[in-house]
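To begin, one chain is listed below as structure tokens, in the form predicted on its own.
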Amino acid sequence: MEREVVDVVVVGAGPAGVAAAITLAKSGKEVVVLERGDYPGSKNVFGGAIYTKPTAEIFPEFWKSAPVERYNVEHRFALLGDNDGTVVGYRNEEHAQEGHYNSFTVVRAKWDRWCAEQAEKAGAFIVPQTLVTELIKENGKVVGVKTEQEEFYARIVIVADGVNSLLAKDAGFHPELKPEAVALGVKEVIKLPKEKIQDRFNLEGDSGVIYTVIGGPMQNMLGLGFIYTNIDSVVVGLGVSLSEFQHKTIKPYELLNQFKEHPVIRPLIAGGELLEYSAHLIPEGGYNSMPPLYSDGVMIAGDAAMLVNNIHWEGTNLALMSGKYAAEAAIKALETDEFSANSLSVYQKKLEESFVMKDLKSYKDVMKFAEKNSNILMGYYPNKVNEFFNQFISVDGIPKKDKYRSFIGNALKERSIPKMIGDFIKFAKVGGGVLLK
């Protein structure tokens, strides 16, 4: 009996997989999406925010019908010490207006389900509760996938099964992930009344705020904390390099509990009800950890391809665009009936011409720099900022001149001028690389 072969099989119904599916379906291609969860989004863990411009390329004017929570009008940055902190923020009221929305918070279980429904309406066929176990290869070319129950054959396979991608390993794209190439993200969703969220975070209507947090219990560790506001809940969490947990005795949930108890964070979530705790690996190796993106009959997208800009906590938008570009490469290959690596290389060219690869290249040396200097980036300098502001605002009978001299003297004892100059040169080199590349 002749086997049935579809145009494309997509593995994973997250942002990358669904973006690929809807792009293919809208072009009239036959696409099957295999999702291991009970429904798209049921297995996904997410901080966060989706960014309007790249998302609208896949789902035009999505905010009018999608289950978005809040449109973000402010981003705050908090530098925490043991019991103090400095918080600065940027707020733009234009981001509260249609046509100027920058980002939205979403609940992934709702959001991914809605995205999958749009793909199905366009003609994609989504199969949940289906675990793909391996790729089917013939003469070195990928021609389909095996699940626990059956085999699916396709002219092209798009792998979008997440950070710990079994299929990426099966395809020979990358070996086991190194601890320094991934972070462990842990988060809690805490229920609070809408009016309390608005009062505590200085918000109006359905506007929202994002926090990026350095220090606190994560001092000297390569990691960041985050807070996102939903309509009636707050997401609080942190992401720390897996290698850090290998060398520390603290457990991830213990670190999160300490983070929540910090005096800058605690009042924001006081009295809330815990709705959810979750943990997830986050690819943070960036450009230098990316595997090959294509081979004969197969492409890899999203977290499986390590497409995350961890400096800006951007992953979903990169996943969406990578899924779209993989689909566009597949469409061209299907039209020419040529599925070799050479034909699918269009995918990488599209990524390289977009902000996705340009941003990742710009930041390619930042993580290595941060690993070597985490103690000063995540500990020493944030603490010095807090110490300075404590001196600046204190009125205790000591002349300001004496305070500043004492502050400078102590700072120089802890870190000499040559070391500070060296730090500045290192910062400048990395920062210059980001600006010039």
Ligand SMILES: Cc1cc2nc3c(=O)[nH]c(=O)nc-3n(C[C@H](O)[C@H](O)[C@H](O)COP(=O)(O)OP(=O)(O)OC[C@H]3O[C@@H](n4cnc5c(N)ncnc54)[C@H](O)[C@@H]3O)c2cc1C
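Residues carry their position along the shown sequence, with the first being 1. Owing to the predicted nature of the structure, the values given are computational and were not obtained by experimental measurement.
Keep in mind that the form predicted together with this ligand is missing from the display, and what follows is about it.
- In the model of the complex, this ligand stays beyond 4.5 Å of every heavy atom belonging to residue 215.
- Remark: residue 382 does not count among the residues lining this ligand in the model of the complex, judged by a heavy atom distance of 4.5 Å or less.
- For the chain shown alone, residue 11 is a contact residue for this ligand in the model of the complex, at least one non-hydrogen atom being within 4.5 angstroms.
- In the model of the complex, this ligand sits within 4.5 Å of a heavy atom belonging to residue 315.
- Out of the listed residues 119, 333, 132, 234, 132 is the one that sits within 4.5 Å of this ligand in the model of the complex by at least one heavy atom.
- Note on contacts: among 58, 34, 378, 31, the single residue with a heavy atom within 4.5 Å of this ligand in the model of the complex is 34.
- Residues with any non-hydrogen atom within 4.5 angstroms of this ligand in the model of the complex fall in just one of 315-323, 74-82, 243-251, 200-208: 315-323.
- Along 82-108, one residue reaches a heavy atom to within 4.5 Å of this ligand in the model of the complex: 108.
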